[in-house]
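A single chain comes next, written as structure tokens; it is the form predicted on its own.
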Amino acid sequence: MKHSAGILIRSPKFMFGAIMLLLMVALVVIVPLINRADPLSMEALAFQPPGGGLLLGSDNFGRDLFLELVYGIRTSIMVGLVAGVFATIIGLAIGLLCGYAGGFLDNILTAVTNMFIVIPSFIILILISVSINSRSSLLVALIIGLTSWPWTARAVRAQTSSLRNRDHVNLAKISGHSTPKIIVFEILPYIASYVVMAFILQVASGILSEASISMLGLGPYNTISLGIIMNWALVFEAPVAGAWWAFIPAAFSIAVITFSLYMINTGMDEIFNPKIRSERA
């Protein structure tokens, strides 16, 4: 574990992504401690440009956009984390069962996974969001996780299938170990790094999904997220008014967060993927 951590620290891509992400997290942690003002309170005129005490100007309601942005980043990251955990757990459980058990159970679970893959997850996400009247950020995160697990399940299944007939697994079977014990102690450690990378991508996907449905007006109620900030800007025609500060900082924040996560994933992939290691050698 220490050896792997040392290698990751020497990876420029991983460190670049990790530093960017840590800076964003530090921003959402430190700023609310310094400025305890309500991000939804009116502080100025509508679409007031940056300056005069407002670092990023005001939105259509005259609220401090910088403070809104900080709280929006926090909400979006939390939604991404919850959605990533939920999707990874479902995908990991189904993938491990399919890959190890094989046979009839594999066919059934694979059919279910393929059904979710064939139907675009974003369409399912929209349909579920429309059918729910009151949506909290937690509920939106769970819905995103529920619709984004299939590709993780398929990838984990492929990894597990390649491991189930290895010598150490067969030895555990001969020794009389139970199926859950074999999966947890003989298979899961070999795909742990892959699961972490899948989780990182699920978090990035969750942030983008939340931003997408929030821009359509289907995001969480009574909170602020990056997608909701962009929705407000579009609904109140900020681009027409020339109020670039009402939507560009939110879009840039989404890009920075997701790009940093993808850089972290790429750096880890270069370390733990044997094919890439052999190509670079």
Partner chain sequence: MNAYARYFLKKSGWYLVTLLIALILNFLLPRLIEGNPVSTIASQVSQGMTDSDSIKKVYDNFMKEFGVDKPLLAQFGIYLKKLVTGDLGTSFGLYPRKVSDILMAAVPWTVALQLPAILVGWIIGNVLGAVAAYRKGVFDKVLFPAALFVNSIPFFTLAIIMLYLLAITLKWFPMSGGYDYQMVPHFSLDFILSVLRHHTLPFLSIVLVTIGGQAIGMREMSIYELNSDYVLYSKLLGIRDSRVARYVFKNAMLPQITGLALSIGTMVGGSLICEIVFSYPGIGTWLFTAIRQLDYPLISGCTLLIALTVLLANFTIEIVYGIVDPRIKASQMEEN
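Positions refer to the first chain, counted from 1. No experiment lies behind these values; they were computed from the predicted model shown.
A second form of this protein, the form predicted together with the partner chain, is not displayed here; the remarks below concern that form.
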| item | value |
| --- | --- |
| Non-hydrogen atom contact Phe47 with the partner chain in the model of the complex at 4.5 angstroms | no |
| Interface membership of Val82, the partner chain in the model of the complex, 4.5 Å heavy atom rule | no |
| Any non-hydrogen atom of Phe116 within 4.5 angstroms of the partner chain in the model of the complex | yes |
| Trp151, heavy atom within 4.5 angstroms of the partner chain in the model of the complex | yes |
| Stretch in contact, per heavy atom within 4.5 angstroms of the partner chain in the model of the complex, of 174 to 182, 98 to 106, 117 to 125, 83 to 91 | 117 to 125 |
| Contacting member of Leu208, Leu142, Val195, Val169, with respect to the partner chain in the model of the complex [4.5 Å, heavy atom] | Leu208 |
| Contact at Met15, Val28 and Val156 by the partner chain in the model of the complex, all three, heavy atom at most 4.5 Å | no |
| Residues in 231 to 252 with any heavy atom within 4.5 Å of the partner chain in the model of the complex | Asn231, Leu234, Val235, Pro239, Val240, Gly242, Trp244, Phe247, Ile248, Ala251, Phe252 |
